[in-house]
Each structure stands twice: as structure tokens, then as C-alpha cells.
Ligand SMILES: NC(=O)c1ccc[n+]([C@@H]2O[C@H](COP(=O)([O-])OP(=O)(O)OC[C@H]3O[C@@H](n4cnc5c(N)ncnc54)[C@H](O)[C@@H]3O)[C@@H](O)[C@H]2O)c1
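Just one chain follows, in the form predicted on its own, and it is written as C-alpha cells.
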């Protein structure tokens, strides 16, 4: 049985319909798919319907969906029923490794031979949770950021036995439904974005615990400061602009020795190899855009964010 083209998937199964699973369900429905869903909780069907009723108007208002919620959703009694005709499977069970191993083995046994199986786990390694699968080559992690129907990022990560063609398929699939897939090159607990969040969170708690500031001070410092710039281009291009026309090379020359000067985290050594990685990687991301062009883009984004935030704040009052 030939796997469907990644941008032509018509039938998806959602396993686990809590906060993440219900959001995936809404997004798949909005992209024209027929969805079969399963969750072991006795009231899961009613909760899923209530979640969709809450999510759908937001999606319509944001232009992510049109009109009334389509009725191409069936809530079934077993995962086997959910997977019967599914071309793609999104698993969203709780973060319990033993449970995931058992459930994924069951899904692997029930799924069509051509179906790709993805887990929404936020930190478990794919090679470990795929241990019970007979066909681990079709399995990958696809970790979204909540809410998945709104925030574009989805981290794609394969295990040791994942077929590289399946990873490529998944990258195309998620891009086709409006996500921003990011392929990780190595298995690492917590993946990428959660590790970044965790590092910042450690420093936030440390500062509050030491009496330096309040939780509100931290939130203001991020939301009204670097968070605005990061939303436009992330920390590396932001530091690239700090170096002016000299870019990242100048930034490292001026500030490199201060790396980790203020944080409680242990910084890496800025070896020649690390410097080359930072400079070449940032140059590639800039893609030929000058510092002036990048500054104009940043300022346009930040201005738009601030205007939108001001409108939302006025509306909330």
C-alpha cells in the first residue's frame, strides 16, 4: 500500500483528546481532513466536543478556519477503530514512558502499513518509546507548542530506526497544514524549545528566590523587552544585529568573553569551532540580508506586535 503524498492526507486519527489532542483535531478538521478520535476517559467525547466548541470560533476569528465546524469527526470506542482507515496518526497520551511504549506498540499493530505515526510527547526520546513497535521506521516525535492550532512550531525528531524518508514526509505534512516544522538532528531529552524555556525558567526562579525581583517583574522584563525582539527573529539574529555591520563576528569579539557572566547556568567554552558554528550559522540564517534590512524587518515586526498587544489590552479591560 503506497503512502499518500504528505500534502494530500485526507484521513487522520487522533489518539488522546485532551488539551493537545483536541487542538490537533480542530486543526486537522480545519484543513479538510476526516478525523477519527479515541481517548480512554469515560467523558472524553463530551469534553472533546466542548473543547472544539471553544476553539473553533477563535480559529475562525484568526482566519485559521472558515464557517461552522465541519462534521467530519467520529469519536470511537477503541484505538483500533480510530486507526482503521487513517493515513496519519497523532498520538497525545500522557507523558508516561511505560504507557507510551505500550500504546505505541498497539497503534503500530493496528495502523495501516502506509500510515505514519507521530507522538506529541514534549520530552521523551523516540528511540525509547518506540521500543515495542515492530515498525519503528514509520514513527517520529512531532512536538507542538500549545495551542497547536495557533502556534506554528512543531519539533520533528526521529529515533534511531526512523526512516529518513518518513521524516521528510512529516516535514512536508506539517508545513502543508500551516505549521512551522523544525527538524532536530539528534535525540536529546526535552528537545529544543523546551530546553530553552527550561533554562530561562531556572534563571527566573533563581532571581525571585534571591529577592531580586517579583514574578511580575520577570514577565514585564521579557514581554516588554527581549521577548518582542525574539518573536521577530530569535536570539541569534538579535545578537547578530548587536554587532552592527560586523554582525555576529563583531558581537563575539565584543561580548564573547562575557558569555555566562551573569547567569547561574554553566556556559560552554567559546572555542574556535564554536565561534565558527555561531558565525556561519547566523550568516546562513541572514540569507544575504544586510543589517539594515534585518533591522527594518525587526522594527516592523515589533511595531506590529506592540500595536496588536495594545488593542488586545484595551479590549480586555
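Residue numbers count along the first chain shown, from 1. If you're wondering where the values come from, they're calculated on a predicted model, not measured in any experiment.
Same protein, other form: the form predicted in complex with the named molecule, not shown, and the subject of what follows.
Proximity to the named molecule in the predicted bound form, taken as a non-hydrogen atom within 4.5 angstroms, holds for one residue of 207, 76, 73, 103, which is 103.
Just one of 40, 281, 32, 267 comes within 4.5 Å of the named molecule in the predicted bound form, counting any heavy atom, and that one is 40.
The chain is drawn here without the named molecule; in the predicted bound form, the stretch among 166-174, 180-188, 139-147, 212-220 whose residues come within 4.5 Å of it by any heavy atom is 139-147. Using a 4.5 angstroms limit between non-hydrogen atoms, residue 19 touches the named molecule in the predicted bound form. In the predicted bound form, the named molecule stays beyond 4.5 Å of every heavy atom belonging to residue 117. Contact between residue 196 and the named molecule in the predicted bound form is not found at the 4.5 Å heavy atom cutoff. Residue contact with the named molecule in the predicted bound form: residue 85 places no heavy atom within 4.5 Å of it.
Using a 4.5 Å cut-off on any heavy atom, the residues of 111-140 that reach the named molecule in the predicted bound form are, in sequence order, 120, 121, 122.
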